[in-house]
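Presented as structure tokens, the chain that follows is alone, the form predicted on its own.
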């Protein structure tokens, strides 16, 4: 058996990559991790200002990064954008279906602690169709459309890596978050299983990263508050909250040859919170 250099296993240099929701938070972390190791990365995001800012910053650091304003709920535009990036790179090696939105408050307030009073505005009887449908449209249907667009290219290549951002919330109900978020993330996780089974015969792997409590701008940036982080740290076994950088290693692993025999898996990164 030929010896393999571990460095070669984990290389992503030169790979053509797309990250949806890539201009901030977890998505931006994926972009930084992959581009920082030599991948060619295009971020899709609805926020033009953040795209311009982050693309400029990363290019100034010598990274091969591009950006495109895109809403994953516009499936025709998404298809066209994926086709364009694949044509520009000449290949499409990895796609991270990451774009997502907050679902607003759940039926209790607070993230941790003994007292979590009920929140009438998040109660089921006040949950509007508009609120429910918007979360499902972005967090579940947007994932479906992204994976579908990627599959069209990867099946022809007979290779590729698809990574979906799900959430610990898809496995464990968090009452401080609106219930549409849990439903969408659980649906995305099981859709990942379906896609992995279908695409395996074509050499394409499909996996998911399920973050726990990660400090990002989602939900108005509530996780950035020191008090929230301190309270959460007390209920997370590793004793601290997570940050996008905590997902870098797994993102690179799932995009690289090191994960070539792994498909249909949802890998949780939560500091042990789900325990």
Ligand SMILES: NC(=O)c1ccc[n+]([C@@H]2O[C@H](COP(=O)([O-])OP(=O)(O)OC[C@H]3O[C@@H](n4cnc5c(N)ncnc54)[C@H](O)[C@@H]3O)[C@@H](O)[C@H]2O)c1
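Residue numbers count along the first chain shown, from 1. The shown structure was predicted, so the numbers you read here are calculated from the model rather than taken from an experiment.
The same protein has a further form, the form predicted in complex with the named molecule, not shown here; the description that follows concerns it.
Mapping the unseen interface onto this chain, residue 64 falls outside it, with no heavy atom inside 4.5 Å of the named molecule in the predicted bound form. Remark: residue 160 does not count among the residues lining the named molecule in the predicted bound form, judged by a heavy atom distance of 4.5 Å or less. In the predicted bound form, no heavy atom of residue 52 sits within 4.5 Å of the named molecule.
Taking the partner from the other structure, the named molecule in the predicted bound form has no heavy atom within 4.5 Å of any heavy atom of residue 35. Heavy atoms within 4.5 Å of the named molecule in the predicted bound form are found in one stretch of 179-187, 199-207, 85-93, 116-124, which is 179-187. Interface residue among 72, 192, 154, 149, judged by heavy atoms within 4.5 Å of the named molecule in the predicted bound form: 72. Residues 165, 166, 167, 181, 185 of 164-203 are found to place at least one heavy atom within 4.5 Å of the named molecule in the predicted bound form.
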